[in-house]
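Only one chain is shown below, in structure tokens, and it's the form predicted on its own.
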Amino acid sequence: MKILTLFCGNFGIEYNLFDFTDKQLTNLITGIITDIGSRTADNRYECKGMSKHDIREVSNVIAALKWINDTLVKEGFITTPDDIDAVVHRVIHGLTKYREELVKVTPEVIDDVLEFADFAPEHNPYNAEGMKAALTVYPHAEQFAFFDTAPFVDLPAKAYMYGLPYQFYTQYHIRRYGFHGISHLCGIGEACKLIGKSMQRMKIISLYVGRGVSMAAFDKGKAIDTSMGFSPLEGLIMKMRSGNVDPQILLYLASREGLSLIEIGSILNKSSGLLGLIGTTDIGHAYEEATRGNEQARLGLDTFVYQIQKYFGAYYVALKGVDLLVFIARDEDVVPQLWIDIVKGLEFMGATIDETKAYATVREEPTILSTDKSKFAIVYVPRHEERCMAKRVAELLQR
């Protein structure tokens, strides 16, 4: 069974092809196409142990998907589009309508994703466009949508409400939605499997570090809180996003600098966070700079770590304890010193991390980082939401 996963956004299209045979899931190819709509669209992918790179004129998403298909044929994974059995789309926002992570793609689903575009303007329109294009390029494949917000739909009301006039909640659906749900669920699932304990019996706090950064708290398999809110901008300091700021700062800057709402939004989303504080989005590089005596880098990292520790403390209280801390990261964001610094601030809670084991971490393998003396388990899990999505679909289609 061949399963293609797609994540379409304003950045381009991330894609993976998986083969599911004899209950074994194999990732055949991983790639990303950027600069769609230009003469120099970029297709970077990895397969068969090699990294490859192509450039082509690509006018739209359909053309990009056809290029992906050409790549799969060229590399010998398929011969025609009909060899693809299923396509799974990662969708960012489903409001409260989509409570299940995995749903079949229908015209109603696509219409809903577009209707919710105001809530995720940099993702949902592209998610919908990707689904429409995939139905054209892969008309015989089963099509599914995986909603990022679904795990957080049933947060306790006290966790998702804002201190705004209640009419804004009833009229405009303003509440905390949470994001990175797929990453958090897949990560804690892998961590629980590694330590041999059921998620349904655990109090778990997870930290996801990727383009965005978020934390979530799970009690007996259900999310009870998460750091991102109405949008992915709320919460922790991220690579380019500010995270929490006093709203009065925005009014002050608008007055002082003569900034429009669009300009303020761009500052908050694209030039703040670690980029604004340090000048880089590379956490490993930031640590190198701090080691060389760069005080700005040190301050930025200290602020970043401190916020994470504060959220951990809040979730520790909300959960009334913790059994498992999970670090989830993309390959380039596996920075053992970050984990060590975070855990150092939790030592009074009985947390201890094996620094030697942390630095010996294999990026593609889940690893137990805590020592035997730690009062709760600490586990690193590589970011593999695409694998999780593909596995769920494969198991569903084989029932």
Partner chain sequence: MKILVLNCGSSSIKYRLFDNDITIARGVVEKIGEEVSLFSHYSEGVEIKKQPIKVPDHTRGIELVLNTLVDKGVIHDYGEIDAIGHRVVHGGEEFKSSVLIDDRVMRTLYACIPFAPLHNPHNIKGIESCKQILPNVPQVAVFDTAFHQTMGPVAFLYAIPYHYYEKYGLRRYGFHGTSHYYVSNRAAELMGQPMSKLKMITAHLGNGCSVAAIKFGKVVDTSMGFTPLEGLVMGTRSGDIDPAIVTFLIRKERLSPDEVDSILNKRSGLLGISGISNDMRQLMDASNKGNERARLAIDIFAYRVKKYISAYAGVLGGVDAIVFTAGIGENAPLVRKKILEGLEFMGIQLDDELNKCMVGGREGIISKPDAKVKLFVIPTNEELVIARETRKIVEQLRG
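Positions refer to the first chain, counted from 1. This structure is a prediction, so every number in the text was calculated from the model and none was measured.
Quick note: we don't show the form predicted in complex with the partner chain, though the next part is all about it.
- Out of the listed residues Gly284, Gly265, Gly189, Pro125, Gly265 is the one that sits within 4.5 Å of the partner chain in the predicted bound form by at least one heavy atom.
- Taking a 4.5 Å heavy atom cutoff to the partner chain in the predicted bound form, the contact residue among Gly221, Pro81, Gly210, Gly276 is Gly276.
- Segments offered: 105-113, 313-321, 142-150, 92-100. Contacting the partner chain in the predicted bound form at heavy atom distances within 4.5 Å is 313-321.
- Annotated contacts: Gly31, Asp333 and Phe376 are all free of the partner chain in the predicted bound form [non-hydrogen atom within 4.5 angstroms].
- Using a 4.5 angstroms limit between non-hydrogen atoms, Phe77 is distant from the partner chain in the predicted bound form.
- Residue contact with the partner chain in the predicted bound form: Lys158 places a heavy atom within 4.5 Å of it.
- Proximity of Gly163 to the partner chain in the predicted bound form: non-hydrogen atoms within 4.5 Å are present.
- Among heavy atoms of Glu257, some come within 4.5 Å of the partner chain in the predicted bound form.
- Shown here without the partner chain, the chain has Asp118, Phe119 in 118-132 lying with a heavy atom within 4.5 Å of that partner in the predicted bound form.
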